[in-house]
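Next up: just one chain, as structure tokens, the form predicted alone.
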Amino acid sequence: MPELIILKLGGSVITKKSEEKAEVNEENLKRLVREIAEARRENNFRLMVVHGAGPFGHVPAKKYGLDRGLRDDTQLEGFSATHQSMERLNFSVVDFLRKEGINAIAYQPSTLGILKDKGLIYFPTEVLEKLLDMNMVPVAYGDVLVDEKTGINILSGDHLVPYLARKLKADRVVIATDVHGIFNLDPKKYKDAELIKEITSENVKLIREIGTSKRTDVTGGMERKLNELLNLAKYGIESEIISALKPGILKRALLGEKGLGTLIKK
């Protein structure tokens, strides 16, 4: 069976997150999709894509307080509006992939998954497995879901990726973001911040400060991402956080090259 890679495309890369505009960064997305297509032509691997939300999800979710659970009926309007906004972004990602000859198909989390106190407890993968066996490329995303404890809540793409990696028995995970990896200090604040090439449960204490976004983000930022990936490493599934802003890095990562960012392993 060909290698299975789960790729996370960060919302900060594929949208105009820095401007808090619900607009696709078409230049970045087109280049990344081209790199994906080139990598798949050079090597036969199965691929599942999960993309982040950027302002498409974070701004309406924040407006309606969806990350605090269901408190009044106006949030149901927010549930609908946020999901519809994410569908627009997902359509663009799938469309760009298809234009590069990739048989991508949208995969909608809100009608499938169930959270419990923000943790994903149910997300069937039988259809995903069939699609991947057919060499289709399912494209899921961060979304709003029913929550057994809070009524409704946010499913972050960073939470969905490790869940799917375990369930689908992925070989590895690639996280494409707007930074080169994880640093011992926030590189956007400290010029002497040093990139940590490998992180395990043993050396994670080297990180004295993890940068948190100044922009609207209701999903926990880099700290939660790291914790999720460290937990995934316990199952023997390695992840690497790479920069999606530097041309060629994503393609090299998909083709198996390591050491391009921060490798998270057991």
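As the structure is a prediction and not an experimental result, all values here were calculated from the model. So that there is no doubt, residue numbering starts at 1 and follows the sequence shown.
The same protein also has a form predicted in complex with a further copy of the same chain, omitted here; what follows describes it.
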Only hit among L160, V94, I154, V179 for heavy atom within 4.5 Å of a further copy of the same chain in the predicted bound form is V94
None of A81, I196, L185, L120 but one has a heavy atom within 4.5 Å of a further copy of the same chain in the predicted bound form; the exception is A81
### Task
Mark R71 yes when one of its heavy atoms lies within 4.5 Å of a heavy atom of a further copy of the same chain in the predicted bound form, and no otherwise.
no
Check your understanding: in the predicted bound form, does L112 have a heavy atom within 4.5 Å of a further copy of the same chain?
Key -> yes
* Is there a non-hydrogen atom of E100 within 4.5 angstroms of a non-hydrogen atom of a further copy of the same chain in the predicted bound form? -> no
Whether M136 contacts a further copy of the same chain in the predicted bound form should be assessed with a 4.5 Å heavy atom distance threshold; does it?
yes
When a further copy of the same chain is considered in the predicted bound form, the residues of 105-141 having a heavy atom within 4.5 Å of it are I105, A106, Y107, Q108, S110, T111, L112, G113, I114, Y122, P124, E126, V127, K130, L131, M134, M136
